[in-house]
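Quick heads-up: it's one chain on its own, the form predicted alone, in structure tokens.
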């Protein structure tokens, strides 16, 4: 399946590429939450985390760790968000596995808007039993 990311990988769409190897590549996000917002993208268009082989996913996390260090060192950011939107309903716009790394700064007034829920009575224990692995 061809995606916008495969077109970027193949050089059909220009990008600022920061890293490329046999499993993934890293680019600057064209619509950053903050300047320096990176995308780590699998070379193969795996639609979700569950469809990606473990060794590639593990490699992408190693690249994320390295990228986090570079953002902190070079941009002086105080923190980062590492986000994978995993499926359309989670906000994934491109069905091709990618990890956002967003530089964050103290008092940057950016937030990730997600409403929180509460468990009623023994509901949390029920979920715990259902999801145990």
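Keep in mind it's a predicted model, so treat the numbers as computed, not measured. Positions refer to the first chain, counted from 1.
The form predicted in complex with a small molecule exists for this protein as well; it is not shown, and the discussion that follows is about that form.
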* Exactly one stretch in 103 to 111, 49 to 57, 27 to 35, 64 to 72 has heavy atoms within 4.5 Å of the small molecule in the predicted bound form; which is it? -> 27 to 35
* Heavy atom of residue 77 within 4.5 Å of the small molecule in the predicted bound form -> no
* Asked: Heavy atoms within 4.5 Å of the small molecule in the predicted bound form: does residue 13 have any?
  -> yes
* Asked: Though only this chain appears here, would residue 89 touch the small molecule in the predicted bound form if you measure heavy atom gaps against 4.5 Å?
  -> no
* Looking in the predicted bound form, any heavy atom of residue 94 within 4.5 Å of the small molecule? -> yes
